[in-house]
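Coming up is one lone chain in structure tokens, specifically the form predicted alone.
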């Protein structure tokens, strides 16, 4: 057992017994939504994982430890606290050594999940190649982590605030399998459409579980990105959301917002300017991803 790893007793027991476990990130709690909606959503996602036959393990950093599985009280703490770090791979050692509160991004959650032996991770949308990356070189560590860590990621595609085309190209370069559930078009977080064809398509959790297990059995390291389109009755049309994305990007540039602060700023701007419609979509897609992720985890057992 890694000295910096604390696994919740329920999660530890499930892993010992070979039961399905699904990792969940904590940035959605501390940096993704306002209180109390963030806490309500985090608890609802955990419950959705349970309803579909798996054990949830929300991952965060506190008291100098990587916490794999949080209590409801700890989730409430992360939802209310104002001094929580947004932790990617580069920040883990610093935040642990300083005993700070840290909410884990996709990359950090994957790494800690892998340390604990968890193979399926559910999130909203992954990071990727930012718009204008040919000048800024702003490419999320999520992608490089996915290139090396054997944890499959269920998301609603790539966040539409990013350059989806370049992100798909970079995923191919890293050898990361990208499969979309039930449709040929790759989804774009708020919408089931992106204008880009998905590299692969499978239609049910058992097929996806077989593909993931086969990849790793072949010794092919790295993640599988499982793109799960947002439910049709909850999606926002791409042309509608694109208008607000461009406005948000311009405002971020005006306010000189860069690095890991960009994504939460853009998501908040879009939510504020869509009368909460994008926030409702965000909640719907993460619950939908939790359903599919739990079923895949169960099928992998």
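Numbering follows the first chain given and starts at 1. Note that the coordinates shown come from a computational prediction; the quantities given were computed from them, not determined experimentally.
Another form, the form predicted in complex with ligand PSU, is not on view; read the next lines as being about it.
- Although ligand PSU is omitted here, in the predicted bound form none of 23, 114 and 295 has a heavy atom within 4.5 Å of it.
- Taking the partner from the other structure, ligand PSU in the predicted bound form has no heavy atom within 4.5 Å of any heavy atom of residue 194.
- Looking at residue 69, you'd find every heavy atom of it more than 4.5 angstroms from ligand PSU in the predicted bound form.
- Although the partner is absent here, residue 152 sits far enough away that none of its heavy atoms falls within 4.5 Å of ligand PSU in the predicted bound form.
- A residue is said to contact a partner when one of its heavy atoms sits within 4.5 Å of a partner heavy atom; residue 125 meets this definition for ligand PSU in the predicted bound form.
- The stretch that touches ligand PSU in the predicted bound form, counting heavy atoms within 4.5 Å, is 105-113, out of 197-205, 176-184, 218-226, 105-113.
- The partner is absent here; in the predicted bound form, the one residue of 268, 260, 234, 37 having a heavy atom within 4.5 Å of ligand PSU is 260.
- Residues from 148-165 that approach ligand PSU in the predicted bound form with a non-hydrogen atom within 4.5 Å are limited to 159.
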